[in-house]
Every structure is written in C-alpha cells, then in structure tokens.
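In structure tokens, one chain follows: the form predicted on its own.
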C-alpha cells in the first residue's frame, strides 16, 4: 500500500475508533449510571448506591430495596455425634444416670420412663440418641421450654448422656396386632406409604422400627396422644424449630388438624412399655 493510500485511510480509522469508543462510553453510562439511577429512584435507592450496586461494589439491585430482617438467629441444633459422645452413650456411668434420673426426671417422666401426666412425654421406648439430642437442644436453646431449660442448665454433656442411656434401658412391650388403632385407611396409608401428591412421606420411613432414619429419630409408638398432637402443632406453627433440615416443619404444615389428631391417636394406641433392664 502506498504512503498516499495510508494517509487517506487514516482519518477513517480515527473516525471509526472514535465511534466505537463513543458507543462503549454511552453504553457504559446508560448501563451503569442512567438506568441504575432511574431504577433506584423508583425504588427509593439513592443515586450513589444505585451506581455502586450496578458496578457490583455493593450488594443488591438498584431496582429493589435491600431486604432488612430483624429476625434473631436461632440454632437448629448444636448436637455433634462425635466418637466421644457415641462412646459415652454406649458405655454410660449407669449409677450416675440412675441417680440423676431419680432426682431430676422421675417426678415428671416417671421412675420407669412412663409419664404419669399427659403433659409430659414418655421417655421409655426412646433411644439414648433421641433423648440426648433433645436434652442437648433444650440446653443450647434450639428447643424452647422453660421447665426443661432450667432442668438441663446445670447438666454437662456426660450427665445428659448418662440420663439418656438410663431411660434407653426401658423399651416397648410387644405390640398387640389384634387391637385396632384406627379404622381410617387414609391414616394407615399416611403412616405406611405417605401421600406423594401432597409431598408427605410415610411416617414409618423415619419413625418405623428399623427404618434406617437419622439416629436421633424419636420413637412415636406408645407416646402420649396429647404430647404428639402438641408437638406436631408446634412444628406446624414454627414454634418448635430443632428439626434438622426443616423436616418436621415442612411435613407438619401440610397436615390438617384432623390428621394431626388421628396420627397422634394412632401412635398413642400402639404397644405398652415394660422394663428390660
């Protein structure tokens, strides 16, 4: 290419470069200044914050106010199944557990784990893991109850494990298959198979014997009707929140009042408790 041709093309190259730069600048102004400011104004966001959000320097969108929550953070559960905890539950100080249970727990939950008062749950039939988790949750505030919080306040992890292991020595008696628990096939279906269309898993998938669910899953069979119904309602209302991964809250919110009552009656009518220690 001749020198004359290069000289003739240079002005066009300059003009093209200027046009490209101008387009980029205009686009940047529109995308990072004008539009964010306009959107922010309609959302009540000041111009500086809107521009910073558009540039990614602040969290949030220029078109929407940043959500503010005054909700206090609360633990779901702080239980950790360490080797030490599991070993203590399998090899407790039996004398210590017996003494603590007699002096602290028996007045409400019964000497053999069978509660004399409908307001308090049976401890008999529960695994040491289930009892330990609930005691631990009461202590750290994951589960709220003024009475239980004051009871466990002075207990350490080993003492709670000893109490849990003590009551785990009491178990359900043989079930009586000839005793009708419910005549409602819908409740039996909910317990045994669940209702997929409503997102309800089978109760027995976690709470059934040898179901293979989480080790802290409580036993429902033979539990107090009043207690079971009260806990399902507490989960449904979000008043009880120590269910890991929101499991029980998700399930309970989908149950009707009638289903809660019938499920409580179903499980309360299964089996009796006897001491096997």
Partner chain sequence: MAVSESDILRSEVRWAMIVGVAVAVIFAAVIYTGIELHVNPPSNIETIDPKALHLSNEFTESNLGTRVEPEGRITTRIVATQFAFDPPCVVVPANEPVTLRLTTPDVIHGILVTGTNVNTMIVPGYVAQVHTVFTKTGDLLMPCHEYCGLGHSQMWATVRVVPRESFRPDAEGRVACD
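Numbering follows the first chain given and starts at 1. Note that the structure is predicted; figures quoted are calculated from it, not measured. Definition used throughout: the rigid core is the maximal C-alpha set that superposes within 1.5 Å between two forms.
Beyond the structure shown, there is the form predicted together with the partner chain, which is absent from this document and is the topic of what follows.
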{"property": "Candidate spot 140, 147 and 186, all three touching the partner chain in the predicted bound form (heavy atom, 4.5 Å)", "result": "no"}
{"property": "Exercise: residue 224 in contact with the partner chain in the predicted bound form, heavy atom 4.5 Å", "result": "no"}
{"property": "is_contact(residue 48, the partner chain) in the predicted bound form, heavy atom dist at most 4.5 Å", "result": "no"}
{"property": "is_contact(residue 56, the partner chain) in the predicted bound form, heavy atom dist at most 4.5 Å", "result": "yes"}
{"property": "4.5 Å heavy atom contact, residue 168 to the partner chain in the predicted bound form", "result": "no"}
{"property": "Heavy atom contact within 4.5 Å of the partner chain in the predicted bound form, the stretch among 203 to 211, 111 to 119, 154 to 162, 95 to 103", "result": "203 to 211"}
{"property": "Those residues of 77 to 91 which, in the predicted bound form, come within 4.5 Å of the partner chain by heavy atom", "result": "77, 78, 79, 80, 81, 82, 83"}
{"property": "Rigid core superposition, residue 53 Cα moves 2 angstroms or more between the shown form and the other one", "result": "yes"}
